[in-house]
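Starting off, we have a lone chain in the form predicted on its own, written out as C-alpha cells.
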Amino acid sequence: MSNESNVLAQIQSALPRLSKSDRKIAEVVLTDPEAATRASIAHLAQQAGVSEPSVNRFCKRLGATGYPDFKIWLARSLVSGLQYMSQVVDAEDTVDTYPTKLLDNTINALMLARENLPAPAIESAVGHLHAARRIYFFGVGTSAAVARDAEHKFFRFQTSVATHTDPLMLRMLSAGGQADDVFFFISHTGRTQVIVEAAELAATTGATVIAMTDPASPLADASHCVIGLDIPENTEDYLAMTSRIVHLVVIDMLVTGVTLKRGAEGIEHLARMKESLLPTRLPKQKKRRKT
C-alpha cells in the first residue's frame, strides 16, 4: 500500500480485480468500515464467510503486516476524512437520494485525485503542450467528450488543435506524426485497443505521446508522459461518471499551466477572443417581481 491513509479508496479501486474470498472481505469492510475497526479477525471472517487466515492474507496483500496493522490503517483513513467510497445508485432511490449520491461520488473522486495528483507529470505535459506545433486529443466513448473539451480550450493558444474519434483516422494521423507534434490520449482504463494501438504508432514517429489514464495500463506503457490517475470507478459495468469529471478538471489544470507559461502575450490574446463574444450576448434583465 503506497498510501495507508487511502486504504478505503485502494480497496474500492481494486474491487473488480479481487479474488472471490478477498472480494467478500472487501465488501464487508466497505459496507461498514467503522465496525471493521472494532471487529476481531474472527468476527470479520464470520461476516465475510471466509477463514481467519484468508482475512490475514487479504491484509498482507494490501501491504499491511497483518490484521491489527490493517485496522490501524482503516482507522486513520476514517479519521483523516479520506473515506473515498463510490456509492451505487439503488433501484429504490428517489430524487431525494440519488442526486446526493452522485455528488458525493464526484466529490470523493476529486478529493482522491487531489491527494494523489501527479504534479511532475502535469508539469511535463504543460511543457510539451506549450512547445507543440500541433496537438491531437484522442479519446473514444465517454473520453471523446473530454477530448472535445480539450480541443475547445486549447485552440485558443494559436496552436493547431484537432480531435477525432474514427478508428481509421486515429491510426492514420498517429502514423503521420512529426517531432514537434503532441498526441494526447485519454482513457480511464488505458485498455481500449484502438487508443493503445494509435499511441504505439504515434510513438514511432518521433512525436510526443501523452496519456491521461490508469498508470498501470498498456496505454501508459506506450506513452512518453503519463498523467496517471487511479480513479476508483468500475467502468466495465457502469457508465463513466466520476472519471470523466476528474479528467475534465485535469484538462483545466493543463490549460491553466499553458496560459501561465505563455505569459502576458498569451493572456492578451485570450482577452481579445473573449471580448469578441460580447456582441453575441443579450443584455442581462432585471428579475421581475411577482405581484
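Rigid core here is just the name for the largest C-alpha set that superposes within 1.5 Å across the two forms. In this text, residue numbers run from 1 along the sequence as written. All values derive from a computational prediction rather than experimental measurement.
The next section is about a form of this same protein that is not shown, the form predicted in complex with the DNA.
*Asks:* 219-227, 27-35, 58-66, 250-258: which one contacts the DNA in the predicted bound form at 4.5 Å, heavy atom to heavy atom?
*Replies:* One stretch meets the cut-off, namely 58-66.
*Asks:* Residue-level question: is residue 54 within 4.5 Å of the DNA in the predicted bound form, judged on heavy atoms?
*Replies:* Answer yes; at least one heavy atom of residue 54 falls within 4.5 Å of the DNA in the predicted bound form.
*Asks:* Mark residue 241 yes when one of its heavy atoms lies within 4.5 Å of a heavy atom of the DNA in the predicted bound form, and no otherwise.
*Replies:* It does not: once the DNA is placed as it appears in the predicted bound form, residue 241 has no heavy atom within 4.5 Å of it.
*Asks:* Considering only heavy atoms, tell me if residue 245 and the DNA come within 4.5 Å of each other in the predicted bound form.
*Replies:* Judged by the heavy-atom cut-off of 4.5 Å, residue 245 is well away from the DNA in the predicted bound form.
*Asks:* Contact with the DNA in the predicted bound form for residue 21, defined as at least one heavy atom pair within 4.5 Å: yes or no?
*Replies:* Residue 21 belongs to the contact set for the DNA.
*Asks:* After superposing the rigid core, is the C-alpha displacement of residue 71 2 Å or more between this form and the one not shown?
*Replies:* The answer is yes; the displacement is at least 2 Å.
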